[in-house]
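Subsequent text provides structure tokens for two forms of one protein chain, presented individually as structure 1 and structure 2.
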Structure 1
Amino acid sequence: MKKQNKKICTIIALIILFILVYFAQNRLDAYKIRILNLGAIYVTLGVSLNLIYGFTGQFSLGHAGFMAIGAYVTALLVLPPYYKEASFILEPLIWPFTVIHAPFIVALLLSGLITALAGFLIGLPVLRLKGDYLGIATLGFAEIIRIIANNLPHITNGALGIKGIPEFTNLWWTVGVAVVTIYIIKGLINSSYGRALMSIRENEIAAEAVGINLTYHKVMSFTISAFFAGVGGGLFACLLTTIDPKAFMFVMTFNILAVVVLGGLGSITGTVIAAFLYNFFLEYLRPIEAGFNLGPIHFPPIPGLRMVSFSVLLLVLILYKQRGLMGGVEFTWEGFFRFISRIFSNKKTTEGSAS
């Protein structure tokens, strides 16, 4: 398929996506829009984690920490000064945060850049570790960020958190950021840098033997992943309109990791599908916690049954689809049109045999 035709198909797909977002934002109720927003944010977070874990092969459990940095930076930048003065009860907010007020897009970019800087500083020492040791080190980093946020009341308002954050996040922002994230990371993966990252994943010794700078590429991957996690944290803060350290516990990293594993390591397409499925299932399984009837048997309300049910479904999927939903397969226009032509050819064959 020619490159020009691919561009035309991509433009048509983006126009269709634009129409769908417009319809959803203006026709759906607030509850359904909230689920779609969370799904799109999880696309950004999942694809960014897939870069470091699925493509580079570095087991990281620090995404909740990066989200926390991005969320707090965005909240402090978009809150008007008079809201800050009223919100910080334990201790007054320190200068210059008391006077800084930035537009939402500037706040998102700065939150991404500051988080990327944190990812760079953390990545330099911890990426010398491998496997489970790297996972434990990055998990420790995420916990350190959460504890710092809990004990810096003059910056984060401590355990009370920051409330009254303007609700800037909508489907245009979440879907738009998700599309940009996919475009940039897909472009990176298809470049020589991406091939170097995947070679590190397959065999670090062989990659280093052919001249690949392991430290440079690992830290680059970690930094880019942290940037998009910070942006995702900023969107998350302006969707919930309130944040506190408890919002960024390990369960947040687990949710993102579940999306990546569910979709398939090294599959951007799988991550996109899994991000929306994960949020839809979590919401539509919510009624079972209120108690339900299964034939003559009545199950009483059981808090947490929703997560147990979803975990069982995830376990069954992993047992039968160990490589995730897509198994490392990516969406391509050639594959899409090949699939469509196969459907029509099978339909013609069925009609011919029936006649």
Structure 2
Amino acid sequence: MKKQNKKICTIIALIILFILVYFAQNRLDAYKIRILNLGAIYVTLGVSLNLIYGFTGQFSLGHAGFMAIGAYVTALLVLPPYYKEASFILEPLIWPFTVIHAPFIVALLLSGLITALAGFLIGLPVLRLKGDYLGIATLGFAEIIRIIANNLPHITNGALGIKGIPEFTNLWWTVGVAVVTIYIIKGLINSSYGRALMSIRENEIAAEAVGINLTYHKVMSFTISAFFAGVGGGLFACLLTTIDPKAFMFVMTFNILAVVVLGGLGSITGTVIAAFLYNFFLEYLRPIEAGFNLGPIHFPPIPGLRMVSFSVLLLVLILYKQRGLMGGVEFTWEGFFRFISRIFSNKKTTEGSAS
């Protein structure tokens, strides 16, 4: 297929997406919009984790920590100063956080940049580690970030967290950021730099032997990954309107990791699909524990049942789809049209045999 045609297909798809977002934002109820928002934020987070883990092969368990940085930066920037003054009860907020105030877009960008800086500083020493050890060290850093947030009441309001964050996040933002994230990370992957990253994943010794600077490329990938995790954290803060250190425990990282692995490591398409499915299931299993009536039988509310069924679902999925939904395969327009034409030709042959 020609490059030109692919571009046209992509533009048409984006227009359709635009229309869908328009209708979703205006027609759907708040609950459904919220689930879609979460799904789209998970796309951003998942794709960024896929960059460092799926494509570069560096096992990182630090995403919750990066999200935390992004979330706090955004929260402190978008909250109006008078409001901050009123809500910091434990300890008064310190300068300059008392006076700074920025529009949402600036806040998101700054969240990304500051998180990227943190990613750079953490990545430089720890990316020397390999495999599980790297995972453990990044997990350690994420926990340290969370504990610091818990212990700096004059910046983060400590364990109480920050409340009343303006609800700026809507589908335009979440889907828009997700599209930009995919565009940039796909652009990186499909370039000579992306090849270098994947070579590091495939065989570090060979990559180094063909002149790839391991530290430079790993840290670059880690920093970009952190950037988007920070932006995702900012979106998250303005969706939930409340953040506290507990929101960024290891479970958060695990959710993102599960999305990436269930979607298929090294497949952006898989991450996108898994991000939405994951959140749909997480939310739509809620009625199970809220108690429900099945005909005349009444099931009482049982707290915890939602997560029990969710974990069973997760286990079944990983046991039967060991390489994830997409197994590393990526969506392409060629593949899409091949798929479509196969459906049609199948139909024809079945019709033919029927007559």
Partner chain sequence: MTINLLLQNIANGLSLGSLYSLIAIGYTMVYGILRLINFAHGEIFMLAPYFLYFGVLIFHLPWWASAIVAIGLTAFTGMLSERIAYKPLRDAPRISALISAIGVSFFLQNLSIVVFSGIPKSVHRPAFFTKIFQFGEIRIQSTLFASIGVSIIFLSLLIYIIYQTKTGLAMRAISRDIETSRLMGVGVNRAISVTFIIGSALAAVGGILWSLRFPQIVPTMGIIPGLKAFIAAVVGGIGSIPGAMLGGFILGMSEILFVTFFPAMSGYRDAFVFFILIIILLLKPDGILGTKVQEKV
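Predicted, not measured: the structure shown is a model, and the values here were computed from it. So that the term is clear: the rigid core is the largest set of C-alpha atoms that superpose within 1.5 Å between two forms. Along the sequence of structure 1, residues get numbers from 1 upward.
Note on provenance: structure 2 matches the form predicted in complex with its partner chain.
If you fit the rigid core between structures 1 and 2, you'll see the Cα of residue 36 move by less than 2 angstroms. Residue 298 shows a C-alpha shift of 2 Å or greater between structures 1 and 2 [criterion: core-superposed Cα displacement of 2 Å].
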